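Below, in structure tokens: the form predicted on its own, a single chain.
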């Protein structure tokens, strides 16, 4: 039976998510799972029980997909040597080595291209940016379903955007066909409770929720207060990071701030995505 909406007390989750007191909001167990999300970067070596991966993929396939084209796939990486190769491609993040499972989500136009060739029919629309964008969005929606499903089962998760740094090396490692690209990875495993993760505060809703029209002044007004909240969180979590605004500005300061991903368009074209 579906967990119905109630206005029970989830003030601890909301306080952690925004770093401040908020009023009661309608909620249920699914919403509580979403509010409790945190990036887990410390895992125990326990392998996932049989059937868990297949359950997670079923949850991913239950996500919305544009026109039911299903232009995504996923490569499950459990082998220790292959995870070590991912570790070196993905900015040497230790959670790749520690988690028993890394899912590499793909924007995958190769399957629909092969279907069109088999019929046969022209497939010129696949050459356009819109088709790649559809595939990237499809993979993102599926991955978020997988993430929520895993966390609802008590597992920790951590997204890996750094895998986009060397898309061609990653394609070779995973034996990807043309017109297929890893959009990001997702580590999944049993969290190491001796190295806990914390719920990171987000911007106040007044910065992201606009009613009827977008209001630039409203988007900026809460940033100063948010920086104070996040700075307090970083000190508590022992994350030595600059103020949020400065960190964001540094990430977009110049092309090499993208850490290799500034060359992504050229790599995608070499991988079979014309991006017209």
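For the two forms, the rigid core is made up of the largest set of C-alpha atoms that agree within 1.5 Å on superposition. Residue numbers count along the first chain shown, from 1. Keep in mind it's a predicted model, so treat the numbers as computed, not measured.
Although it is not shown, the form predicted in complex with a further copy of the same chain is what the next lines describe.
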item: 4.5 Å heavy atom contact, residue 196 and a further copy of the same chain in the predicted complex; value: no
item: Any non-hydrogen atom of residue 87 within 4.5 angstroms of a further copy of the same chain in the predicted complex; value: no
item: Contact flag, residue 95 vs a further copy of the same chain in the predicted complex, heavy atom cut 4.5 Å; value: no
item: Partner contact for residue 188 in the predicted complex: a further copy of the same chain, 4.5 angstroms, heavy atom; value: no
item: Residues in 75 to 112 close to a further copy of the same chain in the predicted complex, defined by a heavy atom within 4.5 Å, in order; value: 75, 76, 77, 78, 79, 82, 106, 108, 110, 111, 112
item: Cα displacement of residue 119 between this form and the one not shown reaching 2 Å, rigid core superposed; value: yes
